[in-house]
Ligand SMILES: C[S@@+](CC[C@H](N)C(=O)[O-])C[C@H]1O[C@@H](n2cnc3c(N)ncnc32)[C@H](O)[C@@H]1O
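One chain follows as structure tokens, the form predicted on its own.
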């Protein structure tokens, strides 16, 4: 197993002016940049396949309830964490490698009135800065594709969970053998990608002492999500060609950068082809 350099992963996602760009997008969309509606932010802060709908089924798989202390491993700018806090009443702590994401995420949480329910900090999924049995539940959303050492990631997650609690994983995984084409949303190059088969997750979870309760491949869900996204992108491209605005003021292109369309086309094409698919895995730490 070749470990992935975390500094390169952070550099892939880092954007120094992200908060300014998001605020400008909110103004362009006619929103108050100091008190935005959380639903409007979902266009940019739900950086995973399925957006808010996926955050909801992850929360449901967790059995999320009011007051539950939840860990978001690889939180990005905090969209799912804020969703769980708002929709289920959880108290969510998020960690992420990317300092820019953490700083922006904490600002956004304060702006939507969730600063006391959602706290993000910079840390590695391979070295969680928490004591044993600190959390009632944890989840990983589109993070394992950047982490080669999945046994250590799962061991760390298991360590900080209290006995009897759940870990939910929602990652893109390979479904068969074959070369993966880049760039993709989580990496522009092969060297920064650790996308793997479900079997690798199963083994890592077993070694960590976590018991798998359910697995669900979300290929059809992903196809529908990307079909709708690409339709919107095509409409925006046509608008730009006719002198219109082009891409909307808020969207995942703010996070993915100039080659957003290539990344989207690549991941969608490989999901349709059956090489890749997002998979939902629910497991539990034995009581």
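Keep in mind it's a predicted model, so treat the numbers as computed, not measured. Positions refer to the first chain, counted from 1.
One more form of this protein, predicted together with this ligand, exists but is not displayed; see below.
Chemist: Among 22, 41 and 107, does every residue place a heavy atom within 4.5 Å of this ligand in the predicted bound form?
Modeler: No: no residue has a heavy atom within 4.5 Å of the partner.
Chemist: Does this ligand get within 4.5 angstroms of any non-hydrogen atom of residue 9 in the predicted bound form?
Modeler: Because a heavy atom of residue 9 falls inside 4.5 Å of this ligand in the predicted bound form, the answer is yes.
Chemist: Does any part of residue 98 reach within 4.5 Å of this ligand in the predicted bound form? Heavy atoms only, please.
Modeler: Judged by the heavy-atom cut-off of 4.5 Å, residue 98 is in contact with this ligand in the predicted bound form.
Chemist: Looking at the partner-bound form in the predicted bound form, is residue 80 within 4.5 Å of this ligand by any heavy atom?
Modeler: Output for residue 80 is yes: heavy atoms within 4.5 Å of this ligand.
Chemist: I'd like to know if residue 165 sits close to this ligand in the predicted bound form, meaning any non-hydrogen atom pair within 4.5 angstroms.
Modeler: Taking the distances in the predicted bound form, the answer for residue 165 is no, it never comes within 4.5 Å of this ligand.
Chemist: Just one of 109 to 117, 213 to 221, 200 to 208, 89 to 97 has residues with a heavy atom within 4.5 Å of this ligand in the predicted bound form, so point it out.
Modeler: It is 89 to 97 that comes within 4.5 Å of the partner.
Chemist: Since exactly one of 85, 137, 147, 184 fits, which has a heavy atom within 4.5 Å of this ligand in the predicted bound form?
Modeler: Result of the distance check: 147.
Chemist: Check each of 154, 160, 194, 143 and return the one that places a heavy atom within 4.5 angstroms of this ligand in the predicted bound form.
Modeler: If I apply the 4.5 Å criterion carefully, the residue I get is 143.
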